[in-house]
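Next up is one chain by itself, shown in structure tokens, the form predicted alone.
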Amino acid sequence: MPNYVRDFVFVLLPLLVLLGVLPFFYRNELLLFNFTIYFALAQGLNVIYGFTGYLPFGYVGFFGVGAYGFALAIIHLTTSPALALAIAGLAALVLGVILIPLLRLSGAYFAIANLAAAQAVYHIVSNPDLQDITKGPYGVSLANVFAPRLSYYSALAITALASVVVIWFRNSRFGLALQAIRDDSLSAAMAGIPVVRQRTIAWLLSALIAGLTGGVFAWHISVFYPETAFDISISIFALVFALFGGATTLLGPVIGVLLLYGLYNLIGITIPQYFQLIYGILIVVLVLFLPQGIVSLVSRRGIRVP
């Protein structure tokens, strides 16, 4: 059985089925929705960080643009939610195209520039002078399209899309080329790999996933503010989830979300002071002893991790 079929059948499909049936048994649909969008965001960040090495601290910029793209399509164009989701993804792609020059940077310079770009978009959206267009700092309300169950399953479809992209990257020549570029871009270019084109495709796919996730987020919660859609903690959570489980794998971000976001909901809300301590200790232990994430405990033994 090919690896990509094995990854889909034994990892992705059971996860999708589980998330698909849980709303019928577990009534906290908002919690399930949050798990689902973090699965999608962690995989989307995995696409750009895991396979290219670019660390986008401003990844939330694509998420926020997607949320506002969806909202403005509903408010000003009175489109259907499905078309508004497509516009959300398109808005994130446009921002991704605008920010392509950032790929000329690397390391901390890229991370800081990407974060600055996200903050610039946030300040544009929240500008009171643009209230007639973006509603400024006063937030948007989409109560007329509120559909929690439908938006949940739409988020699940986006999670599936993000995971399929990761499966493709892991099991295709395209993904291998990206990893070669990540490890040594000069040698990859000398071997005939189109470095700029490969990075750009990964960048735009990652932006599309975040934009679609932001759009379905806006649809599900219906009322939100700029500081909600552009909250930097969204980037940080997605990044930590991907790194904790193991980047460049399908299973790693899933493990990261289940363990860390599960831990957050278990103790972080009720006793946040202990949660911060435990979270900090986990991250320090990860960086010191498991820089490749939890899945490296298995991969070190020569076992292939999906």
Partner chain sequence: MIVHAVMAGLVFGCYFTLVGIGLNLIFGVMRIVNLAHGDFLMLGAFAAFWLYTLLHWHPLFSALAIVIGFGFLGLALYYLFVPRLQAARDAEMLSIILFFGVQQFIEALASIAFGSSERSLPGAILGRGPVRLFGQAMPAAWIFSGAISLLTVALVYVYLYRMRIGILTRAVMVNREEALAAGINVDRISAIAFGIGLGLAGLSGVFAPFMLGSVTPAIGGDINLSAFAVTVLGTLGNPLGTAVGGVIFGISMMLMQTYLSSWANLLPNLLLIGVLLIRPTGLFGRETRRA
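Residue numbers count along the first chain shown, from 1. Source: prediction; values computed, not measured.
What follows is about the form predicted in complex with its partner chain, which we do not show.
None of Leu161, Val145, Val140, Leu102 but one reaches within 4.5 angstroms of its partner chain in the model of the complex through a heavy atom, and that residue is Leu102.
For the options Ala116, Ile201, Val223, Leu77, the one in contact with its partner chain in the model of the complex, meaning a heavy atom within 4.5 Å, is Ala116. Within 4.5 Å of its partner chain in the model of the complex, a heavy atom is found for every one of Leu55, Leu186 and Leu243. Contact annotation for His123: at least one heavy atom lies within 4.5 Å of its partner chain in the model of the complex. None of the heavy atoms of Tyr153 is located within 4.5 Å of its partner chain in the model of the complex. In the model of the complex, its partner chain sits within 4.5 Å of a heavy atom belonging to Ile236. When its partner chain is considered in the model of the complex, Tyr26 lies well away from it, no heavy atom lying within 4.5 Å.
Heavy atoms within 4.5 Å of its partner chain in the model of the complex are found in one stretch of 177 to 185, 84 to 92, 215 to 223, 145 to 153, which is 177 to 185. Along 6 to 40, a non-hydrogen atom within 4.5 Å of its partner chain in the model of the complex is carried by no residue at all.
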